[in-house]
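One chain is shown next in structure tokens, namely the form predicted on its own.
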Amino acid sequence: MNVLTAKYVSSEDTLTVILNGEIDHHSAQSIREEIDRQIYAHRAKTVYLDLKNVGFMDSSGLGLILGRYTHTKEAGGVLKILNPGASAQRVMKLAGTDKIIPIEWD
């Protein structure tokens, strides 16, 4: 089992969550609340989920993304995806989330 970790970088009203590892059922479940706490603590208006270091993502990762999208939107903010790899892009495209959540590369 690959451990999923998150690093948080904030500036003004932006929070970047840099995920590292694999997003599956177990890892998504354990990190969801931590990300939400950080979003609320920083009162971020723009939240970036950086997936550059995510090697694998299944539908649980999609749930993680959509849940953070909902929380951020309810708080008046915007969620954006940064640097998704092939696995993440495939899951997001199949579900159609690439049409509602902006994707950017740096």
Partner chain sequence: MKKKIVNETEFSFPAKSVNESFARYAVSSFCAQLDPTIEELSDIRTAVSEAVTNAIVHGYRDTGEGRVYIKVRILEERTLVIIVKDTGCGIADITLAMTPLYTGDPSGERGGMGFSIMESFTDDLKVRSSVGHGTTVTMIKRLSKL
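Only a predicted model underlies this, so the values are computations on that prediction, with no experimental measurement involved. Residue numbers count along the first chain shown, from 1.
Omitted here: the form predicted together with the partner chain. The next part is about that form.
Three-residue candidate spot Glu12, Arg37 and Gly77; no residue lies within 4.5 angstroms of the partner chain in the predicted bound form by any non-hydrogen atom. The closest heavy atom approach of Leu51 to the partner chain in the predicted bound form falls outside 4.5 Å.
The partner chain in the predicted bound form comes within 4.5 Å of no heavy atom belonging to Asp98. In the predicted bound form, the partner chain sits beyond 4.5 Å of every heavy atom of Lys45. Within this chain, Ile31 is remote from the site of the partner chain in the predicted bound form, having no heavy atom within 4.5 Å. Within 4.5 angstroms of the partner chain in the predicted bound form, the stretch 23 to 46 places a non-hydrogen atom from each of Asp24, His25, His26, Gln29, Arg32, taken in sequence order.
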